[in-house]
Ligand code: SAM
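What follows is a single chain, given as structure tokens, in the form predicted on its own.
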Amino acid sequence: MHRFFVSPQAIRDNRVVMRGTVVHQIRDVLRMNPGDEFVLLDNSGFAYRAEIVTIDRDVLRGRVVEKWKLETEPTTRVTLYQGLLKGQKFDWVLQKGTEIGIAAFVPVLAARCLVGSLDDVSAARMERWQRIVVEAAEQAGRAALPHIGAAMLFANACEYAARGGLSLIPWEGERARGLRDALQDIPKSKEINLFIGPEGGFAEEEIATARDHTVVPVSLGPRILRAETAGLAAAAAILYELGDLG
């Protein structure tokens, strides 16, 4: 069935009222009609099988047929601090990272980013990123939408991550400590902050800054991964190692 995220306020006493662009999508794009069923996700962990009662240009009214608790969220909370990327590469990271199970994304402006400044992360760009995350979460059957934080300078991101969890920074210069070794230090909360660089990687000065904020450099193996691949590979490896991918 088609899945849609809605606010909990859209569902009251087994009645469903939906407005906005999602109504256009259901009626004009998917061409659904009264009697058709779909799944609603309320971003608090519950799913609802609902049936369309009426639908017009602006409003869909329906009824809840079934409600259940979703168990699709990883027990490990991975926050990806991703260096800003050119073109649509960052879009791709958001989409695939949401499918994998990443809980939050923070855009980071690092020294070698091809993006000029934090001002380049406009409100329109953030809105597009949010739409990408919502669509990916619906497709993947996520119980909760990943959060997209405000873009940060690298040093500020390190300070922010130091507030809690285990912080890791894959770096091609690290030879002694692998990702699996670093995960032996996972806190009971199972929160991991994962730093991934832009196309040119991290500068050595940034690795020094990361160390100063207890961000641990790790190796992802002998091969050099692209900036848009490294975070997804590392996140998937972390979730697998900690039992969240089967």
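From 1 onward, residues are counted along the sequence shown. Owing to the predicted nature of the structure, the values given are computational and were not obtained by experimental measurement.
Keep in mind that the form predicted in complex with the ligand is missing from the display, and what follows is about it.
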Do Arg226 and the ligand share at least one heavy atom pair within 4.5 Å in the predicted complex?
-> yes
Report yes if any heavy atom of Leu232 sits within 4.5 Å of a heavy atom of the ligand in the predicted complex; otherwise report no.
-> no
Look up in the predicted complex whether Gly62 has a non-hydrogen atom within 4.5 angstroms of the ligand, and give yes or no.
-> no
Is Trp171 close enough to touch the ligand in the predicted complex, meaning at least one heavy atom pair within 4.5 Å?
-> yes
In the predicted complex, which of 189 to 197, 208 to 216, 44 to 52, 29 to 37 comes within 4.5 Å of the ligand (heavy atoms)?
-> 189 to 197
